[in-house]
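Shown here is one chain on its own, the form predicted alone, set out as C-alpha cells.
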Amino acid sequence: MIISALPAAELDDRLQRGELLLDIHPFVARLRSDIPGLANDLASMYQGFEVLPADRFADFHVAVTRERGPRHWIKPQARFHFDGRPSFIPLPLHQAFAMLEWGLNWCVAAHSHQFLIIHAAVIEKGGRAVVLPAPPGSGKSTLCSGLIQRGWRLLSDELGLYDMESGLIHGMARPVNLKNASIEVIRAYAPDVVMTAPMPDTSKGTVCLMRPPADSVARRREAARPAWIVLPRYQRDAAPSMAHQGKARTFMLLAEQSFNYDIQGAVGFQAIGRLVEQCHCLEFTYSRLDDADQAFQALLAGEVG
C-alpha cells in the first residue's frame, strides 16, 4: 500500500504509535511523531512510497517529538530521536519536517557502510547517471530540481549511494531540499511542483521540501551506472560553460564529499578511483536553468564529454 492510499486518520494514528514503516529503498524507516501536521507533510511529500506492515524489520527507528516541560508551551520545540535516544539539539516546532528529513539523511550517512556515501545529487536518463558532487551553496539542489522537471530521473539530491562491487549508484528519490532563493527559482521554473510551506530561520536559512516526480519514485529501485561526474557552480549572470575537469581534482573532491571515505579505507580509495575512471569529469558553471537544460541535453547527446 502506498502512503497516499492511507486515510489521514490512520496515517496519523500509525505515526503516533510508532507503527509507520516507510519503504525508502534500499532502507526501511520506522517513524513516530506526536507533532500535529507532520503526517500531512509525510502524506504530501511521500505520496507514492510504500507503507509496510508494522511487524516488518526496519533499518532505522526514528522519532520527532515535541519537547516536554516549559518548552511544551513557550516557544515549542521538536527533538529527533534515533533508536529511542535523543539526538541533536531541538529545533523550533515549525521545523519538525525538515528535522525528520535531515535526521534520516544522518541515519543513512552514519550507518550504511555497505555503500560509499557521497554528498551529491544524482540524476539519470537513458540508463546513464550524472553525479553532481558539491559543497553547500554551489547550486547543486537547484540544478538537480530543475533538471528533474525536464525529464531526468531523480535518484537523490543529497546522498549518492555507490555500490563498490557493482559500480552502480543507488538513490532513494526522497523529497528535494530547497533553500532561500532556490525556492522561488524553482516555483517560477516549474509552477506545478508541490512543496511544503517554507520553514524560516533554520541553520540553512529558509528551507522547504519539494515532492519528487512520480516516475522517479516508481523507479527508485533501479540503480544506474554513472557516466559523468559534473561539478556544478552557480555564478550570477554567468554564461553557461561545461569544461573538462582533471580526474585527480575530481577524485579529491569526491573523497572530501564522501561521508564514509575514511571508514572504507583502501576499499574506498579504490572505489573512488574506479568511479572517476569510468566517468567523464566536467565542471559546469551556470546562472539560468534553461541554459542548464540545454547543456545537459548536449551532454546526453554526446556533444560534450
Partner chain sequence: MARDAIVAALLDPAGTLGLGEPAWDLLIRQGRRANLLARLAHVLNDAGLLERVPEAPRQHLRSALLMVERQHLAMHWEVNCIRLALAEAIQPVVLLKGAAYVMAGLPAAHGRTFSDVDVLVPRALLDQAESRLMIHGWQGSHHDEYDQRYYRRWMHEIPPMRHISRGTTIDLHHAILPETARVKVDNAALLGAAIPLDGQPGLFVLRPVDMLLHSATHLFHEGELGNGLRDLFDLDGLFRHFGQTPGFWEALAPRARALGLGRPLYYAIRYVRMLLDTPIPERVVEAVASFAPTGPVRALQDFCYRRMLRPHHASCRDWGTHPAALLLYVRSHWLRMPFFLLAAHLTRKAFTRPKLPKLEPGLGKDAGQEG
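Numbering follows the first chain given and starts at 1. Please read all numbers here as calculations on a predicted model, not as lab measurements.
Although not depicted, the form predicted in complex with the partner chain is the subject of the following passage.
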Worksheet entry | Position in contact with the partner chain when the complex is considered in the model of the complex, options W152, F82, Y234, W228, heavy atoms within 4.5 Å | F82
Worksheet, complete the sentence: Answer key: of G246, P36, G265, P70, within 4.5 Å of the partner chain in the model of the complex (heavy atoms) is G265
Discussion item. The partner chain is absent from this chain, but in the model of the complex, do F57, H61 and E256 each have a non-hydrogen atom within 4.5 Å of it?
Written reply: yes
Practice prompt. Check whether S87 has any heavy atom within 4.5 Å of a heavy atom of the partner chain in the model of the complex, and answer yes or no.
Written response: yes
Worksheet item: Any of the heavy atoms of R219 lying within 4.5 Å of the partner chain in the model of the complex?
Response: no
Worksheet item: Using heavy atoms and a 4.5 Å limit, would one call R211 a contact residue for the partner chain in the model of the complex?
Response: no
Discussion item. Check H113 for me: does it contact the partner chain in the model of the complex (non-hydrogen atoms, 4.5 angstroms)?
Written reply: yes
Worksheet item: Can you say which of 135-143, 87-95, 166-174, 195-203 gets within 4.5 Å of the partner chain in the model of the complex, counting heavy atoms only?
Response: 87-95
